[in-house]
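Form predicted alone, single chain, as structure tokens, below.
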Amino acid sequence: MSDEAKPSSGEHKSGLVYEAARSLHSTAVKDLLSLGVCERCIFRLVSVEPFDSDLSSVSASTLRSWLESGDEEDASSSCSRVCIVCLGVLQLVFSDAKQTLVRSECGSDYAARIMDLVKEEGHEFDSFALEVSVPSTIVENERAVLFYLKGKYNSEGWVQSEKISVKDALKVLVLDPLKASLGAKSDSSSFHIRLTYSKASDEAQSASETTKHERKKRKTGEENGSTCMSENSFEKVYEPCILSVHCNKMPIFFSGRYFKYSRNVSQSRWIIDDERMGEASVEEIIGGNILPACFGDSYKFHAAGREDIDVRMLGSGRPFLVEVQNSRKCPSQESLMEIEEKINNSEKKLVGVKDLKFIGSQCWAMMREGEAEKQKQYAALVWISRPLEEKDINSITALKELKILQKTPVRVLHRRSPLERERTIHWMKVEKIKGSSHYFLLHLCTQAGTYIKEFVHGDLGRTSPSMGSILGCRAEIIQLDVTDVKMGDS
């Protein structure tokens, strides 16, 4: 190793790397260089010391000059080759989406390039988690090189030491510079930066791809204990990997309660044979207003149960969550109030919202727990085939905690399992309608999951008892409104 390239005493970090380079097994270093293994991979595979971030501050050409003696021009030429193990990943060289070769001299230079790509995504964040994905060829080639080293230098202590992976080594090299460039800390953040390295296209690599026969030959050589490295011992790659940078934010959630004032609005978007059912949907009206404020990719709408398209949601409203995927911004509470006002003051007034707010991811579990416990209150406009009498009102009102059995309704059998369920009607009240003895308003509180329409008309005997069987006459439901949804202790 050349002493001429020794760094000055003031360059402490470089000095440490220089001393580490001098301590490496010189014959093994020479072997690996001749095979086409890059400088940083040599430090990974030969050094007994932990792979250090100081390596990111020293250029590949300088590392090469410290590892080998000889002509500087030869060293520079060798540095331009793609490493047979890391395929250029630890050489900080890659091809971008336009197939342009990008080469960085050090970790800070590389981090600056990644920072530019991340900022193009427009995310707001103060911390991030770094993920790295590399092609399987890297693992296969490294295994072949390690097999060779163990066969030739088995008595050396460094051979048996655990080797840091290419993915983890890259993180060591670039994490600190990336934190400095982005002005953010690194932790188990909800914001992920993923560096995906993939091999160049099959067309570009066709001349260097190993055949199945060669792969088999390489495997057979390992099984037979061969310690020779031939051109078929690893998959040669002459072009660096293609790097793509993807940023992803874990879903964020917004909660609230919605009202549905129209009998022609579904809860979720409803399309049958390319034809929309209903005038609009609650999902689209609410989610469609929240998503642009978050600059997200998409959203999912979750509600504590659902009402039919012809049923209004009134009273205190139905609890809901909007889950926004890969949001680039989290709107302030003031912005959410503006969204709420916009929906509530819309010209058609199909849907209303209240208590719209940002909430943590734990809300999903809380909502599911509450949904299992919830009670629902309704107001149903009922017609019966005979005049309503005072004794009917008294008998209905007297029924408390009424247990009913409901088979899956005929109207939903095409999409739900044919089951029989026990449900509870907690209480009922009757409100007369002036001037009409055959119509009345039935107010009732039920267990979650009760089919109210079927409880009124009996569903051809599939719900028992029903309002018709209780009154001993035919009963039909004309209109239905949900007036309250109670979640847990709410």
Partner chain sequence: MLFSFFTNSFTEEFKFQKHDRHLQLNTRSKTNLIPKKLKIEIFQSSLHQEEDEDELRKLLLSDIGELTLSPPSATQVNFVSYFITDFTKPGHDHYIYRHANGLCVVGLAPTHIAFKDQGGITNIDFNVGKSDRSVLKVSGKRKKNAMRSESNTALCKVSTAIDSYIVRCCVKGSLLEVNERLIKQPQLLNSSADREGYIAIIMPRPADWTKNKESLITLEEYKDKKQDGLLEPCLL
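All values reported here derive from a predicted model rather than from experimental measurement. Numbering follows the first chain given and starts at 1.
Keep in mind that the form predicted in complex with the partner chain is missing from the display, and what follows is about it.
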TODO: Indicate whether residue 22 is a 4.5 Å heavy atom neighbour of the partner chain in the predicted complex.
DONE: no
Open item on the list: Taking any heavy atom pair closer than or equal to 4.5 Å as contact, tell me whether residue 423 reaches the partner chain in the predicted complex.
Closed with: no
Task: Proximity of residue 436 to the partner chain in the predicted complex, heavy atoms at 4.5 Å - done: yes
Task: residue 407, heavy atom within 4.5 angstroms of the partner chain in the predicted complex - done: yes
Task: Site check 253, 325 and 348: each within 4.5 Å of the partner chain in the predicted complex by heavy atom - done: no
Open item on the list: Based on heavy atom distances of 4.5 Å or less, which listed stretch (46 to 54, 22 to 30, 444 to 452, 426 to 434) is in contact with the partner chain in the predicted complex?
Closed with: 426 to 434
Task: Sole residue of 101, 412, 129, 139 within 4.5 Å of the partner chain in the predicted complex, by heavy atom - done: 412
Open item on the list: Only one of 391, 403, 416, 400 gets a heavy atom within 4.5 Å of the partner chain in the predicted complex. Which one?
Closed with: 416
Task: Stretch 452 to 478 - residues with a heavy atom within 4.5 Å of the partner chain in the predicted complex - done: 457, 460, 461, 462, 474, 475, 476, 478
